[in-house]
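Have a look below at one chain only, the form predicted on its own, in structure tokens format.
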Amino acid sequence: MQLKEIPLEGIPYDRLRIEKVPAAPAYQPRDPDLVPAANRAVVVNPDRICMPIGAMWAVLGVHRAIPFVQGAQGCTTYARYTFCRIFKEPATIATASFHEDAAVYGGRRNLVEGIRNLVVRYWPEVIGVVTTCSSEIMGDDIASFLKEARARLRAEIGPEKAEQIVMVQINTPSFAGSHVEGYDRAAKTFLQALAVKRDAPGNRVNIIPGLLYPGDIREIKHILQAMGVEATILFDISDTLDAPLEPPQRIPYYPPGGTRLAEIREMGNACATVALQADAGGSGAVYLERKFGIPAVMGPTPVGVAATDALLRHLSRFTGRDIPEELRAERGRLLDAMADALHHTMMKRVAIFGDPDIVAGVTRFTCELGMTPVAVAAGTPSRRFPQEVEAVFAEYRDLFLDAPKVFNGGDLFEFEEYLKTLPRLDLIIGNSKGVDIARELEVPLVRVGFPIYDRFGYQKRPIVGYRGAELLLYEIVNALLDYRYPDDRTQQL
């Protein structure tokens, strides 16, 4: 192909466009032996990110907490960039800044000096030490390194100030698992380190939201407030990754939100723990159940009518609170919108992908809308995911002519190749990684889940609860109308 020469004066922005040249005049079916991800040694278009990012997400949901990444600068820079793209907020993340010498001698000196520099500059209350692949492969003894770091702090700033700083070690080798497991490990590790006693059982409920956006957590808070339920939300990013723009009152500046240390320490005295995402946070709920006998509820993610109903029933059962009329009215408005939109959504064929808990929740909601899921894909393998979606398919079996395809793990290459074999597809629901797939298949994409980086303000928009489901319904219907409006204009008067 002959490339056009770039003029000496450059190319103005209004002419800066790169045309996509197809590799072949028409779609060429792939070698069927190479399509399944299990048959390949390479991952093509993965629908997951490394484990440390999930742990960093969790630490940023704790008040006056800073993640400290025991790895190279790139491991931290990528995470900062990712969070900034999605949340449009600065993410304070420290790094041990590994170089060639650390690969040979280990990361002890980097961690000890890095912790010291972080403390004297930022004075955090909590430091979440997040390991990476390089640290894990070298076999860094993080526990011993942290003892040495604390001893140095005692010598420099005094024992009293040094003991006030909590350090939580989170092992997240990035060559295994994904961001989902990283968040899950952080939940368990924080509770193991801080919620160590049950001495004053109360009527509070623990909520572990999982990988939900600030808008989702605010919707959960709205539900709790409407029911009059006192709760501790572990890793509350609603005001740390969506903070108001105000002049900093003090330097170093910390956003006002986040789960307080005292609240985490009291989570062992709760009456129940609800993990809204079983794969992202469920291990923390299981730990509290085994340690203190606190009842644990594992999901489902409250997307849609039935899943939100289940959450309210759990809260009512554990606390004795009645479901208020305010929430019943929100449920009624959602049902009214679903009835109004039924002729748009009924029998529409939809493919869904993303993190397992979100995909399972959205799958049930699409079935409640009368839609037909033809393929569902979880980027992170999960033992629970196939069972959850199969239960949904069994409940709504009348919507399906053929059994939907379930991808538990794998990559988006395998997912896309399957979608190309379908006779018809009306909609894709997933994160921003599905943009190219939607364009290739010429169907609309409704963005849900992590990450969403090509839309503005989506981190503030909930999809959970009755109100969040109503907003998601509007997104779905408007995407269908924008892309393929009925030729006969039957909706017009």
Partner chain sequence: MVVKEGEATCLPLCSRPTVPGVISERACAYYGARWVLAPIPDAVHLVHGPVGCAYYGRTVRRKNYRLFSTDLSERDIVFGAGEKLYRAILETCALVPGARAVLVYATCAVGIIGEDLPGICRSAAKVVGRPVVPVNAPGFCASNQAAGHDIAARLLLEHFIGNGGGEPVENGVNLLGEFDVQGDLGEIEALLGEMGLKVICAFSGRASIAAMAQAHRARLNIVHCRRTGHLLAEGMREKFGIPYVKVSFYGLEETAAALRAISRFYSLAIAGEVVARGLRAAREKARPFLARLRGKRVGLFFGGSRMGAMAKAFRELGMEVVLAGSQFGCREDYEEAGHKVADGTVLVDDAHDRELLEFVACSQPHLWVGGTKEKFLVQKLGVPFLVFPQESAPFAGFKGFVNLARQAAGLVSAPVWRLAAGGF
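Because the structure is a prediction, the values reported are computed rather than measured. Numbering follows the first chain given and starts at 1.
The form predicted in complex with its partner chain exists for this protein as well; it is not shown, and the discussion that follows is about that form.
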For this session: Using heavy atoms and a 4.5 Å cut-off, decide whether 46, 244 and 249 all contact its partner chain in the predicted bound form.
Result: yes
Exercise. Are any of the heavy atoms in residue 397 no more than 4.5 Å from a heavy atom of its partner chain in the predicted bound form?
Worked result: no
For this session: Give a yes/no on whether residue 346 approaches its partner chain to within 4.5 Å in the predicted bound form, heavy atoms considered.
Result: no
Exercise. Looking at the partner-bound form in the predicted bound form, is residue 433 within 4.5 Å of its partner chain by any heavy atom?
Worked result: yes
Exercise. Residue 95 near its partner chain in the predicted bound form, any heavy atom under 4.5 Å?
Worked result: yes
Seminar exercise, completed: Only hit among 144, 164, 316, 77 for heavy atom within 4.5 Å of its partner chain in the predicted bound form is 77
Seminar exercise, completed: Answer key, its partner chain contact in the predicted bound form at 4.5 Å (heavy atoms) among 155, 329, 306, 176: the residue is 176
Exercise. Based on heavy atom distances of at most 4.5 Å to its partner chain in the predicted bound form, which listed stretch, 37-45, 461-469, 421-429, 441-449, is the contact stretch?
Worked result: 37-45
Exercise. Using a 4.5 Å cut-off on heavy atoms, what residues in 114-141 are near its partner chain in the predicted bound form?
Worked result: 114, 117, 118, 121, 122, 133, 134, 137, 138
